[in-house]
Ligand SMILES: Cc1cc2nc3c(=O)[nH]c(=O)nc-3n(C[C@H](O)[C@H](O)[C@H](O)COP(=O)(O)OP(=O)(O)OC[C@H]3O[C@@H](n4cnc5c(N)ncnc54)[C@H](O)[C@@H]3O)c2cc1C
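Here you get one chain, nothing else, as structure tokens; it is the form predicted on its own.
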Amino acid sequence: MTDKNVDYIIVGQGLAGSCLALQLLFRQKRVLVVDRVREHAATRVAAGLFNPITGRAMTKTWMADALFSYLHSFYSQAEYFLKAKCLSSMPLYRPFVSIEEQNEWMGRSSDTDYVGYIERLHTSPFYAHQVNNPFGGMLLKQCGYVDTVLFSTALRDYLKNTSALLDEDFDEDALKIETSGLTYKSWQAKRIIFCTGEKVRTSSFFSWLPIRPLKGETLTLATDEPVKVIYNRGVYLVPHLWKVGATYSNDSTPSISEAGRQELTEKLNNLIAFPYDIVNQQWGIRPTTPDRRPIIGPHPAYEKIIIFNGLGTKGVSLAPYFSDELTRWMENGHPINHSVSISRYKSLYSKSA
């Protein structure tokens, strides 16, 4: 792309920026992505796991029915577009911790809210040669993982090959807002979308938003064990990628920690029953919000400046659906769901102005 007039400029190429860029490319829009790879960005560290039943209480994740039906079609379309295999659908096995929990799920398994996600319940040990599950467990469907490094790298290569990538840090001083659009250096666009994760806190436009960093550490294993399902209880173990994670820490120290390694190792040893070696430990920072919902929409004072952020720990499942919602708002004026709209934090902007 040699023409420096584009429809949209996207700042940041994590999961939010990548999915949004693809939504626009699918619609044959002209985009420019401004991004420099950061080794410890969440996209480069996470296992890319998606799972409809999460948390200690094992409840169906928010908007699961909409999110999970959409993400499969989106990533499949992305694979075709990018000519890269990044989506792996795979069952997830979650051991029960007690007879009481087993009984609770025996009753809940017929609930219409859950029946589409439960493959099978086991009331006695299953996969016993691989996982500790004296009370059996629950095999879930509509689970899997996205190789987020492969996904973002394949898109980055496409953007480079089409001259749609500026491989540099964004210079906010070079952004000029005009009546008809905006200019960044020598590029002109209708709108600019900030998808910069926790780095948005340094932005003069969006520093007032309550986006907080949440550090996570992961381990990478080596093993000869032929694992065919994702195991998840206390920690997750994603085969093929051999990722184990993740910790949740408000400590923003930019390094791995012995405490993180010990926490993950102890929980992993409680979960699995086969030998392994730890070959790597990584850390990354996730952008989170108080209500655990993304933040989408235009700046209160600058309609051409947009944010797509706050995906937290569930970016793989949230980014496809809400990048589509944001694109439909930008292209067709489709209303943004209030539960993710930036407007829910408008009072904070008023206080900061």
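Numbers for residues come from their place in the sequence shown, where the first is 1. Everything quoted here is computed from the prediction, not taken from an experiment.
The protein also exists as the form predicted together with the ligand; that form is not presented, and the subsequent description refers to it.
Shown alone here, L15 lies within 4.5 Å of the ligand in the model of the complex, counting heavy atoms only.
Although the partner is absent here, R233 is not a contact residue: none of its heavy atoms lies within 4.5 angstroms of the ligand in the model of the complex. Using a 4.5 Å cutoff between non-hydrogen atoms, R27 does not count as a contact of the ligand in the model of the complex.
G216 belongs to the set of residues with a heavy atom inside 4.5 Å of the ligand in the model of the complex. From the list 93-101, 169-177, 76-84, 270-278, the contact stretch for the ligand in the model of the complex under a 4.5 Å heavy atom rule is 169-177. Comment: the ligand is not present in this chain, but in the model of the complex one of A42, I53, I296, V31 has a heavy atom within 4.5 Å of it, namely A42.
Taking the ligand as it sits in the model of the complex, the stretch 25-59 comes within 4.5 angstroms of it through a non-hydrogen atom at V34, D35, R36, V37, R38, A41, A42, T43, V45, A46, A47, G48, L49.
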